[in-house]
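So this first bit is one chain, no partners, the form predicted on its own, shown in structure tokens.
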């Protein structure tokens, strides 16, 4: 194992010590004055407090967003005018790339080299939807001599956006960009573990010319601020990314008001490696797919299924590489795995590592790196010979832990891949084109990558099946979610309607 020394003393310049809500163009505290502590994952020390939103704070934010939607200019602007604002937002995000990366690394424990890319991806999300709404068109259908029918897209209203703590700034942009592009107003509830970078959106949006009330931010706990947002009768849309159990609760609570839901939930994605694969490329991808972002990624290929013919070779090479992954200070450019986001999450991942020691053969890692006695560090951990009914095979760990399982045939590989409750992503390594497409068709996953790690195309749908989610966003699917599609029918000639109740002249009843 390679280590860098922990640098718990690192602290970004001008770090705020208190984070407020942002409602109707103004930074405000909670009406009742409640706060919660925010921790630095390297030292686990409190570095700031944040306003803890309650139902009354959500009410204020929703009221501001609803007023801006009903009476403000944003929903009525032409697509090109909204696109100009979105492009200014993207410019501002790119201009702050270094600062954003530093704050994100400090707040989440992500390695600085991986955090830098998140700011650029966030900017690209705004540019993408700025282009898409200008290019957006819908069908017009003509019935010759009779009727013209067309689709009129309209923003829906106040969108409630609830975002996770892994790569928070970038994932917030995934929801903010399409919601705003389509003319909605929003209330954002960021994850309580990582509220720091979310506070930057307020100034970015103001400087870009977004009208007051269009963007509102309420910090707080999921069971308080998040719950109030989901249940609010004036919020017709909820877009949520997070755990499956939380998604189930949101599903139940949204039912009373028949809200539109888009939920990207948990995953336990398979990475399937056949004997004819490019083994070195597959190992590179399988390592990156589970250990990048500290393993805290919903699409992580955390179950590696390997053809028995190459199983021993794969396990040996994979474990050897895992042992050389650089674990340490997230701000060090050499670091590849940093600190997990929070001590609660660290305890969860560490408990799965202990469970794994009785469910598989430990090949690498297995706990805290000995040279990092403080902070939320877990060494990249590899278990082999994991049975398909093992907990570390079935349950989402969301950390740098991987389970490797052999298979004997294509049919067994597919059964193993589908043998969990999740269905978010799948990765397949083979040079057999027919096998690749057949497997992709049979695997229960919302997204499949063939001979590739997770490379995102913003035009394609993003989402899962089974316990991994409800609905899809990305490209035109996001436009669909954030707009009403109203069918308008225009008559061109005489309408031949049955004349119910008409009495002709001279006719008696």
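Residue numbers count along the first chain shown, from 1. Keep in mind it's a predicted model, so treat the numbers as computed, not measured.
Below, we turn to the form predicted together with ligand NAD, even though it does not appear here.
- Judged against ligand NAD in the model of the complex with a 4.5 angstroms heavy atom cut-off, the residues 21, 54 and 187 are out of contact without exception.
- Picking from 83 to 91, 281 to 289, 314 to 322, 246 to 254 the stretch near ligand NAD in the model of the complex, with a 4.5 Å limit on heavy atoms, gives 246 to 254.
- By the criterion of a heavy atom within 4.5 Å, residue 104 is excluded from the residues contacting ligand NAD in the model of the complex.
- Heavy atoms of residue 405 never reach within 4.5 Å of ligand NAD in the model of the complex, leaving it off the interface.
- Heavy atoms of residue 398 reach within 4.5 Å of ligand NAD in the model of the complex, making it an interface residue.
- Although the partner is absent here, residue 227 lies within 4.5 Å of ligand NAD in the model of the complex, judged by heavy atoms.
- Site annotation in the model of the complex: the residue of 162, 293, 417, 384 reaching within 4.5 Å of ligand NAD with a heavy atom is 162.
- A single residue from the set 207, 223, 276, 138 has any heavy atom within 4.5 angstroms of ligand NAD in the model of the complex; that residue is 223.
- Interface residues of 413 to 449, taken as those with a heavy atom within 4.5 Å of ligand NAD in the model of the complex (partner not displayed), are limited to 424.
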